[in-house]
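Take a look at this one chain, the form predicted on its own, written out in structure tokens.
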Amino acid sequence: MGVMRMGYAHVRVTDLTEAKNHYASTMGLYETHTDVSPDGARRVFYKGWDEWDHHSVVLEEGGVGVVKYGWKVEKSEDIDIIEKKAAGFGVTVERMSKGENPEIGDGIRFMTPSEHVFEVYHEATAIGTEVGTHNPEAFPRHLVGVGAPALDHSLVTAEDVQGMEDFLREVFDFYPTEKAMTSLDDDGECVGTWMTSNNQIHQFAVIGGPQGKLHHFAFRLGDWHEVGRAADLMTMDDVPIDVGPTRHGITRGQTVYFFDPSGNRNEVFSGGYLAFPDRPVNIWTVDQLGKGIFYHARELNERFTTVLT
């Protein structure tokens, strides 16, 4: 399989105290570790209740936007395979040692054509889900806030969307489930791609825009009711909601977009359909992107397309 999933999103925040209130109290993530980075920045590590590895979200004080993404592979030899593929694509790859990221093993690090830093690893300290694996309950009895079970996916921007899709295909063996094109003709330009390596409808998406920017990272929820409840809790906690609750045409997922206290956009996401490599790719033309992104309203708001971190 190679890449199994996005293991962690490491993002910057302007005020760690405010950020902790958002991600712990509103989103209901579990704090697993705090430290100071080699650069002297305070950091805090979190996981969702249904995640077993040590962390899936890292907050680092000092700015906004994404620092890097971690990708967990199925076997240790997958690291070497991806290293060769990335080098063959023309990317400079460096080795990272066990412990450079707390509770993460040896791996590789490189910058993608979109100027996002990816780390690839196999080993991570397993600390278990909050319900365990022996006769587990359906969910923890005392969830806090939204009670997000897990990190789900992320969307970034790139100047060359097709180039980034090619990179993810060739290096990670990802495949697109949905694409946005300027036209259905052979000379149509790709302006958005939603990609995965497994049956998850998307793990990583790329749309046209500046290099190295974060559009959002998302947390998985169970169903439409949980998405609506999350929106209610955000209102209680004065979390700025960007859009939703609503449905996507692209992926068919149910969603709420909102901002953390630093202005990084988050999403809660549920639903979608099962992806398979042999399933025909859904193609959206730019004149229907409003419906594709926000199925009910059928139009994009300016903030959604321009606010990046």
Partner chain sequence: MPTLTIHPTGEVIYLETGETVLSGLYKAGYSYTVGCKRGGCGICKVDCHGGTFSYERPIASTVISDEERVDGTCLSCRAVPDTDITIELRGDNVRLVNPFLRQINEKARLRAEAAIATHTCRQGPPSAGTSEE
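These numbers were taken from a predicted model, which means no experiment stands behind them. Residue numbers count along the first chain shown, from 1.
One more form of this protein, predicted together with its partner chain, exists but is not displayed; see below.
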(request) With its partner chain left out of view, choose which of D185, E137, D238, E94 has a non-hydrogen atom within 4.5 angstroms of it in the predicted bound form. (result) D238
(message) Looking at 256 to 264, 34 to 42, 271 to 279, 243 to 251, which stretch has residues with any non-hydrogen atom within 4.5 Å of its partner chain in the predicted bound form?
(response) 256 to 264
(request) Mark T285 yes when one of its heavy atoms lies within 4.5 Å of a heavy atom of its partner chain in the predicted bound form, and no otherwise. (result) no
(request) Evaluate T14 for contact with its partner chain in the predicted bound form, applying a 4.5 angstroms cut-off between non-hydrogen atoms, and reply yes or no. (result) yes
(request) Please check if M4 has a heavy atom lying within 4.5 Å of any heavy atom of its partner chain in the predicted bound form. (result) no
(message) Residues G63, E302 and V307 are flagged as a possible site; in the predicted bound form, is every one of them within 4.5 Å of its partner chain by some non-hydrogen atom?
(response) yes
